[in-house]
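There is one chain below, alone, in structure tokens, taken in the form predicted alone.
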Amino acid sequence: MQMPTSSFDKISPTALIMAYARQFTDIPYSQELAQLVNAQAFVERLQKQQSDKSFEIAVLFEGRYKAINQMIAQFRTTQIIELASGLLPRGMVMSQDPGIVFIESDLPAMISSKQQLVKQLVGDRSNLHFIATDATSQPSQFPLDVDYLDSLTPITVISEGLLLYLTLNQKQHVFTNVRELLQVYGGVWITPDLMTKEDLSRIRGTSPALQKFSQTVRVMTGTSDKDTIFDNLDQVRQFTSEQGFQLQAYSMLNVLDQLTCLEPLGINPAVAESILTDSFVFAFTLMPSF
């Protein structure tokens, strides 16, 4: 599989890790995508760097995917754009409904590869679109004026895993671009990507395997918690308010009973519950003054 070649490219292997983990769930198309990109071979090479072969990170991957879907259903929007969609299968799943317009976006080489994978699995769909976008770019590369979106219909923006690897300044650029998009269409931004250092500390204390894995990913992506993760929820609220958003937090414990990765990966249910206890999905809407 050809990976992106921009300055953010070393983040893209995380898409392979997530694809590998999702194949142990009941999420549609997950096994097919993992096989097409040979995600197992990539993860096997990665695991040689770790003495613990456990894959408890799958709890977070499956939990946030299903929690986001719950939120999408709650807001009942029919226009959806997924930022940094990587190897996520959500576009294929949701575009089965002809009443939904779904837009996948990612860096040019990644989205080109994804489009080809989707074509192999489900063919072409008139309501499933692919656009090359750097979410941090300014001016915005988001679809502010395209004929396949109705400006009178609210839009749901999704980002799953994007903000975790961005500096504060890069986060501000994404917030600015999403704010501009919602000012045109109205709607909501749904993301689990605002984990705090406090949350991560508790999760890693619960799961030593997850801590080792997280350290490996940070080395692989050339990023650090210090530069990319908020200290606590108060800092998150202050930052998002300054960007013109109000937020609601939803616990991922709401999808605990939907997890299907525990048995095939041998994950202790108590560990899974502890991980999701400190994990949230956030819904951002514009403040009335913006």
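Counting begins at 1, following the sequence as shown. Note that the structure is predicted; figures quoted are calculated from it, not measured.
The following text describes the form predicted together with a small molecule, which does not appear among the structures shown.
- If you check the small molecule in the predicted complex, you find no heavy atom from any of Lys66, Gly91 and Trp189 within 4.5 Å.
- Screening 105-113, 194-202, 144-152, 73-81 for residues having heavy atoms within 4.5 Å of the small molecule in the predicted complex returns a single hit, 105-113.
- Checked against the small molecule in the predicted complex, the residues Tyr185, Phe213, Phe130, Tyr165 give one hit for a heavy atom within 4.5 Å, which is Tyr165.
- Listed residues Val281, Ile275, Ala21, Ala15 were compared with the small molecule in the predicted complex; Ala15 is the one with a heavy atom within 4.5 Å.
- Remark: Thr206 does not count among the residues lining the small molecule in the predicted complex, judged by a heavy atom distance of 4.5 Å or less.
- At the 4.5 Å threshold, heavy atoms of Ala135 reach the small molecule in the predicted complex.
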